[in-house]
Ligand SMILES: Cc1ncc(C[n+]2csc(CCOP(=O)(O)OP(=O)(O)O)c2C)c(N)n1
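Below sits a lone chain in structure tokens, taken as the form predicted alone.
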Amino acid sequence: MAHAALKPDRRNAPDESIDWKRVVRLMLISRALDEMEEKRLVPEKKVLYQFSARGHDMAQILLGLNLTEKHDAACGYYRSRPLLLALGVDPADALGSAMARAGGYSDGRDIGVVFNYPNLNGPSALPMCGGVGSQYTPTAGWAQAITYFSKHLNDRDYDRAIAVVLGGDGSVASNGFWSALTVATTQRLPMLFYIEDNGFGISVPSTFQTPGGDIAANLAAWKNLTVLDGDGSDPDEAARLTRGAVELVREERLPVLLRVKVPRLEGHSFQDTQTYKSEELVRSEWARDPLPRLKDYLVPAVLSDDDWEEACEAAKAAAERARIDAESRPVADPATVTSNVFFEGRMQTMGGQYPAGYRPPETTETATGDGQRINMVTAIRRTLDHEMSINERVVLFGEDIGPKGGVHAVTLGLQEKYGTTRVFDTSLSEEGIVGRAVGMALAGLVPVPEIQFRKYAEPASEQINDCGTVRWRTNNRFAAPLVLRMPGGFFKCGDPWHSQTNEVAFVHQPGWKVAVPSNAEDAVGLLRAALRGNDPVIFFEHRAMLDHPWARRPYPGDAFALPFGKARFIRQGGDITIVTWGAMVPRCEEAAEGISADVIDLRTLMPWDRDAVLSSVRRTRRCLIVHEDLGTAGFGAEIAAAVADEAFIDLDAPVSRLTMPDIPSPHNPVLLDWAVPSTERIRQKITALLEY
């Protein structure tokens, strides 16, 4: 269903159910903060990034005052400070964050316009990101979590909750917008898309973002979406539009898109001089300034002229108090800036299952298998099955994981057992898969999204990066623990699209743990630890090992879990250390037959067992690193650097690496066998090092 607009109802008196005095107070404070930054704090270089909200402010505040449910959440962008003020953020926190001082949104780690607001007793602001459009899919994930808590877990506190995402007209061209729109409408989620259309994405007109520059008109026929459109600078119309949109989502439990036309009264940022706008256009924008229109609307109907002037003076005083408070805050101790990349024992305020009271069952590193060997596919499936059976917060999703059971059959039968609410297929959008997983994790679920093949993770790279940094950039206010399953590597043949490994890319994403099991037992232990953990995990499933005879092991038991960062010695000896992981482990073991060698399976790359490697090298005095990924900047280079840095004087031979050449994985099996390190070539490298 679609509505072109909610037409203005020109009443003489303002709606008495709206706290207009609060609207005025918040708007005047927002204006005072903007003016203080522009005229004082930016020139004094006390604020380094400034994005004025003038023109956008009134409608945002009206929207924020409609968010009243405990589990309402909004995710905005860099021009969303008025909404944050409406949700209850202290102006001193807002200004202190803009000044990058200790406390506030991030302890000075993130730019001050990238907000977050964990609120356990009311509406929250989800961690915003600096990338345009990156806010949409996590908000869709929060909306899906609302539905899950309400309908599947029967938590009545979620029955009227909604998710709200704010974006400018430029963001409607982004992948995130279209992905979230697809998710919200196909899944019929309680989500409000609030689009502030000021006509420009920095300097680019909105006609370059969407045909005709009107996203509301273009989406009028979109199924399962109510479209509203109107003037966000008219107080009467903005009040009814925002209230109407929120109530529609609350009552219908379906998505709504509200486009409000607003003027951007200043440049995109402080540095933007707007030379691309004509003088006539600038005058017309200022003629639409919502502040004088709000005064005309409320004086004398609600406030007297004296009341208005008193409110202006009170707002200036409040802004000045906020400045004094903000400037009194110190800069965070630089020694603390490396904290909170991962969970360190102090619980985050929101995100993941632990703040809601989850306590994991007891685990053991001792396998209690029955002796029957199973392949890695079965081991992963059995682990997922057990964890789902004891934890209702665990949900699985991805392309083809439902009735088909995944293209590698790992999830076969799980949808039939647990239903389509907990095991479900998704649209073909990796951005949507990972982004919604982030939102679900922030809401307290344990999402287990699947990327079909490693190479397909590229469209989700922004969401992957943003997810990993949530804990650090909010200074432990939020975290988004999830388990991202990702098959990859060669299998019988190769190709550039399905056979990539490139695990090092995820090691280089702060905040992610990375597991690379080589066998069924380790897969069980690491997956269980990930599902019960409090950090996001990349769980890499090597295609060649999923049904490899060497990788088969007895199921180690439902309590078996392995710590990350603890390597396994496949064999032990005294003449050489061989460090490897994944599909190269059985090849290294075979190549070392008859040689006194330590063969170390790292099992995890973030963290990696530096101590095990270094202690082995100091004893054997030789080191060979073998991996399938490319040589240049592969993870083996990190290991080699650590050995050279910390065990150089113990070496009797140079640190050596054997990897694929710097090429994509070739398709023909003959070409693939030449490119991937073989047992024979590993053996030759070992011999060369021993003879050095």
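A residue's number is simply how far along the shown sequence it sits, counting from 1. Owing to the predicted nature of the structure, the values given are computational and were not obtained by experimental measurement.
We do not show the form predicted together with this ligand, though everything after this point is about it.
The candidate stretches are 237-245, 163-171, 302-310, 272-280, and the one lying within 4.5 Å of this ligand in the predicted complex by heavy atoms is 163-171. Residue contact check for His268: one or more of its heavy atoms lie within 4.5 Å of this ligand in the predicted complex. Remark: Tyr297 does not count among the residues lining this ligand in the predicted complex, judged by a heavy atom distance of 4.5 Å or less. Interface membership of Gly201, defined by any non-hydrogen atom within 4.5 Å of this ligand in the predicted complex, is confirmed. Proximity of Tyr77 to this ligand in the predicted complex falls within the 4.5 Å heavy atom cutoff. The listed set Pro118, Pro554, Gly131, Pro459 contains one residue whose heavy atoms approach this ligand in the predicted complex to within 4.5 Å, identified as Gly131. Residues from 601-629 do not approach this ligand in the predicted complex: none has a non-hydrogen atom within 4.5 Å of it.
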